[in-house]
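There is one chain below, alone, in structure tokens, taken in the form predicted on its own.
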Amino acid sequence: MTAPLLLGRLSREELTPRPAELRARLQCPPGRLPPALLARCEGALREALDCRWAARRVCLAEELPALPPDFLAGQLKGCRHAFVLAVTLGHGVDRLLARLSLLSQTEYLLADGIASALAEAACGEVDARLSAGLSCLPRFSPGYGALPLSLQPSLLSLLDAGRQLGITLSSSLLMSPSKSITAILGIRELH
């Protein structure tokens, strides 16, 4: 039996990128960039975002039979269940990034990096909510390691992400809005 779909929103105030994530996305310590420019880019992003998420607890063998055996034996070893989740910052962020790419490459690059860090922060917040009181493994996203990108359609379908979050896939399996993340969060079985 399929578990209920969990849906939610995250406010602008709930999204706090980790400093290390921000440094990595900006490819530079934030202290070396003009603070006013960073604040302007982050402020515009926070105004444009509409952060929503969806998640569902699934039985891996029944609801995700296409998972690669090496992924199950490695990253999800000992897990019979997992959460499948998707998070998006929304189409407003994509529109802002498109506008900035035409107006200022510097602001576009900074805003793109900050947006990626905000998406990761959103995923971390949802991860924390889902795993509260459970023993969960680190989350994994399609396209990394042994989890193929070809799994995207199955994950988004399980979450009804097109209708619930407005996430669509291109023929090359890239998501729109671009600042969206899907992931699998293994639930460790306690004996």
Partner chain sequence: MKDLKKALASERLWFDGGYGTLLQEMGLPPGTPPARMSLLDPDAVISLHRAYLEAGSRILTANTFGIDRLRCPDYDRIIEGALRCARAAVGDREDLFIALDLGPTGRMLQPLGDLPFEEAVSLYADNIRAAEGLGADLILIETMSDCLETKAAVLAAKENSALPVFVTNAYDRSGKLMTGGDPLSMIALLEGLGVDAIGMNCSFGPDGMEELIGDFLACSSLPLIVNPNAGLPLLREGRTVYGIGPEEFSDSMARLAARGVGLLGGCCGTTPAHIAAAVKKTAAIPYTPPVRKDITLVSSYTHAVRLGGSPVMIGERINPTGKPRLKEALRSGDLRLLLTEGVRQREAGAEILDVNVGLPELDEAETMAQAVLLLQSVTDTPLQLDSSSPAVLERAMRLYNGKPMINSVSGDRRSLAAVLPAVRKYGGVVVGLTMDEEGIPPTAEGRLAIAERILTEAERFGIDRRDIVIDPLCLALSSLPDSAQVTLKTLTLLRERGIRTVLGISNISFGLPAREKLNAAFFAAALTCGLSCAILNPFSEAMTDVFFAFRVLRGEDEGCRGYIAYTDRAGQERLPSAEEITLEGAILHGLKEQAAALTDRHLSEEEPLSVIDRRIIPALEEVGRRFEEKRCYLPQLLMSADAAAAAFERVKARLPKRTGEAGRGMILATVKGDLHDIGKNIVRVLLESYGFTVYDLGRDVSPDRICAAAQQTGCRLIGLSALMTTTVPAMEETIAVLHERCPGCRVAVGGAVLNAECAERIGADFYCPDAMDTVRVAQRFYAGAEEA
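What you see is a predicted model, and the numbers here were worked out from it, not measured in a lab. Positions refer to the first chain, counted from 1.
Keep in mind that the form predicted in complex with its partner chain is missing from the display, and what follows is about it.
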Using a 4.5 angstroms cut-off on non-hydrogen atoms, would I187 count as touching its partner chain in the model of the complex? no
Applying a 4.5 Å heavy atom distance criterion, does R18 contact its partner chain in the model of the complex? no
Can L149 be called a contact residue for its partner chain in the model of the complex at 4.5 Å between heavy atoms? yes
Does the 4.5 Å heavy atom contact test between K77 and its partner chain in the model of the complex come out positive? no
Taking its partner chain in the model of the complex, would R32, R99 and S176 all count as contacting it (heavy atom within 4.5 Å)? yes
Between L26, L137, A44, V58, only one gets a heavy atom within 4.5 angstroms of its partner chain in the model of the complex; which residue is that? L26
Counting only heavy atoms, which residues in 102-135 are within 4.5 Å of its partner chain in the model of the complex? L102, L103, S104, Q105, T106, Y108, L109, L110, D112
